[in-house]
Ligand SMILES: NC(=O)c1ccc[n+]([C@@H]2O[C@H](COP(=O)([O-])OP(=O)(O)OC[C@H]3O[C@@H](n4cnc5c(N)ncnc54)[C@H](O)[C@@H]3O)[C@@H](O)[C@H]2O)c1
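Let's start with one chain on its own, the form predicted on its own, as C-alpha cells.
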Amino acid sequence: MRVLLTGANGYIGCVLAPLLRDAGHRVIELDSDLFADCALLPYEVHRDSVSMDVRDLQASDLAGFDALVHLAAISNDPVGDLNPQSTYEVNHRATVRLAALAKEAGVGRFVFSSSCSLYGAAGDRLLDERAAFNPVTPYGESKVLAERDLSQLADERFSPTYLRNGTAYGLSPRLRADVVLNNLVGFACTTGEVRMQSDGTPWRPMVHIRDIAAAFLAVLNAPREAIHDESFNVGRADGNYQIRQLAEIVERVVPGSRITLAESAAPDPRSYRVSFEKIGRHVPEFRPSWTAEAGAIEMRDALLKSEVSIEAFTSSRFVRIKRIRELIELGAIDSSLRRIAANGSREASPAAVLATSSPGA
C-alpha cells in the first residue's frame, strides 16, 4: 500500500515509519520538522520525506496514495493551551481539510490519530467507544471535533478510522519527557525522585508507542468493513493505571529512587479509564505486548546509558512546550506555529516524491 505518513519525524512517527516499511508498505514521510533537533538516539530521516506544514497541502500533493496516516498535530495539553486557536486550526480544521483533499485525490483510507483525552473528566468508570465526551482542554476538544467532521466524509469511496490512543510512553529516537511515565522515569534516573505532578489519584489508559504503531499497521492491513468509520480505543486490557501506581512501578525499577510530590501537585480533573475490547474484536491482528513496567525499564536503561542530566531532561530538547516557546523567541515560527521561511520556496510535493521513489525503498 502507498502510504503518506504525516508527523513522521515526531515521537510516534519515527517509530511507526520503519514499521510500515518493514511490513512492505511504500511510505512517504511528511513533517514540519519543528522538533528536528530534539533527539535522544541517532535517527536518520528517510530519503522519501518532505518537510511541509500539513496546512499547506493540496489535493495534487496526495495523488497516487492509497492511504493517509495522520499523526501530525499540536500534540499535548500545555502546547495546546499556549494558543488554543492554533490548536483548533491544526488539530481540527486542518485535519478535516486534509481528509477532504485526500478524498478528492482518490485516497481510499484515512487513519486518524485521535486520543482518549476526548473522554476528559470521567472518573473511574470504564468507558468504551460509545461513552460521552467530556474534554477539559483545547487538545481534547479538538479531537472530538475532528472525529465528528471526519465521519461526515465517510462513504463508499473514503474510509476514515479513528484511533483513540491512550497516554503514550516508551523509548523513541525523538523522546518526549512531557508524558507521564517517561517523566516519572526521567526524574527518578536523574534526581532519585519519582516526582508526581498530581496527587496520584487520576486514572490514565497507558500504551507503549510501539503498540500504538502496531495498531496503525493492523488497521491498514484490516478489511475495510472492519474499520470503516469506526473509532477504537488503543491499548491493552490491563493498561489502566492511577498515577500513583505508575510512580510505584518506577520506584521499584529505578534503584535508590523514592516517590515525592512536586510543590505544585494537586488533583487533576483529567481522569479516565477505558475499555480496549472493541479493537480486539474488529482488528484481531492488533496484539499489544508492552507493559508499563517493561516500558519503564526500557526508559531507565536508555537514560542511564545516555547519561542524561536533569537539566537536559527538562530542557527544550525533550519538553515540547519549551521547544515551541524557544522557536517563537528565536523568530523561527510565528504565533500560529508556522515556520518563518527565508524565502517563498516550496518543498517537493509528496506525490512527486512518491512518483520517483523506489517501490522497494
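The model shown is predicted, which means the values in this text are computed figures rather than measured ones. Each residue number is its position in the shown sequence, starting from 1.
Below: the form predicted in complex with the ligand, not depicted.
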Only one of 297 to 305, 310 to 318, 32 to 40, 59 to 67 sits within 4.5 Å of the ligand in the predicted bound form by heavy atom distance, namely 32 to 40
If we test each of N183, T167, S159, S271 for a heavy atom within 4.5 Å of the ligand in the predicted bound form, the one that passes is T167
Which listed residue (V136, L171, V179, L153) meets the criterion of a heavy atom within 4.5 Å of the ligand in the predicted bound form? V179
With heavy atoms only and a cut-off of 4.5 Å, decide whether N233 touches the ligand in the predicted bound form. no
Do I12 and the ligand share at least one heavy atom pair within 4.5 Å in the predicted bound form? yes
Does the 4.5 Å heavy atom contact test between V90 and the ligand in the predicted bound form come out positive? yes
Residue-level contact is defined here as any heavy atom of the residue lying within 4.5 Å of the ligand in the predicted bound form; does R55 satisfy this criterion? yes
Using a 4.5 Å cut-off on heavy atoms, what residues in 91 to 128 are near the ligand in the predicted bound form? S113, S114, S115
